[in-house]
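Just the one chain here, the form predicted alone, laid out as structure tokens.
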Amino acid sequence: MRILITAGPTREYLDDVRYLSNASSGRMGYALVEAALKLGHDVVLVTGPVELPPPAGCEVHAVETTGQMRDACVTAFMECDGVIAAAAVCDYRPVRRVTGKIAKTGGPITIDMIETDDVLAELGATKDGRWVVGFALEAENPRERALQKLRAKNCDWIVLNGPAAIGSVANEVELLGATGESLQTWSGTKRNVADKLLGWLHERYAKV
């Protein structure tokens, strides 16, 4: 199979030096790439800015903003059999990016924000026979919110994890199916979890 995998955070700039982002390390996405390569799959990695070297043997597209990630994913997905969307994209961006650096004024400032492109939803809406695995990092009502995300973004499966996964070398996840059923639970290092998830997918699609 040829698999698209997204990893890491995205950045949305307030001005030329400041940006909104999150603490995603990219470890989960990069571990998924390594697991897929070990099984003999072709991998396209679309990665936000992380301090990790891309695994050898995959096609790499480095991006910064959510819009850039969307463009790279839409193009790559056309030639892939499926996608695993492990990136932690920014949900909002400033309406206007200030040129230069916002100066301190001694008082509060207000920054108007709008939603960014929904990369996973667009891939789900255009999958046309391809499979889509999403990731949901949830804190409150986690299973309910993960299932809402699965259905809203037209995923085939969604991997539920919690805030403790951010920046960690380990993860604890639950794989949920389209009808809300719990299919698998895995825990351990992110490499171990990645091996389990890719092994699960490999069993279903490698012979198709």
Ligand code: CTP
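Heads up: residue numbers just count along the shown sequence, starting at 1. From a predicted model like this one, the values you see are computed outputs, not experimental measurements.
Heads up, the form predicted together with the ligand isn't pictured, but that's what we're talking about next.
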Subject >> Any non-hydrogen atom of residue 79 within 4.5 angstroms of the ligand in the predicted bound form >> reply: no
Original post:
Does at least one non-hydrogen atom of residue 137 fall within 4.5 angstroms of the ligand in the predicted bound form?
Top reply: yes
**OP:** Report yes if any heavy atom of residue 151 sits within 4.5 Å of a heavy atom of the ligand in the predicted bound form; otherwise report no.
**Re:** no
Original post:
With the cut-off set at 4.5 Å between non-hydrogen atoms, does residue 71 touch the ligand in the predicted bound form?
Top reply: no
Original post:
Heavy atom within 4.5 Å of the ligand in the predicted bound form: which residues of 113-146 qualify?
Top reply: 116, 117, 118, 119, 120, 134, 135, 136, 137, 138, 145
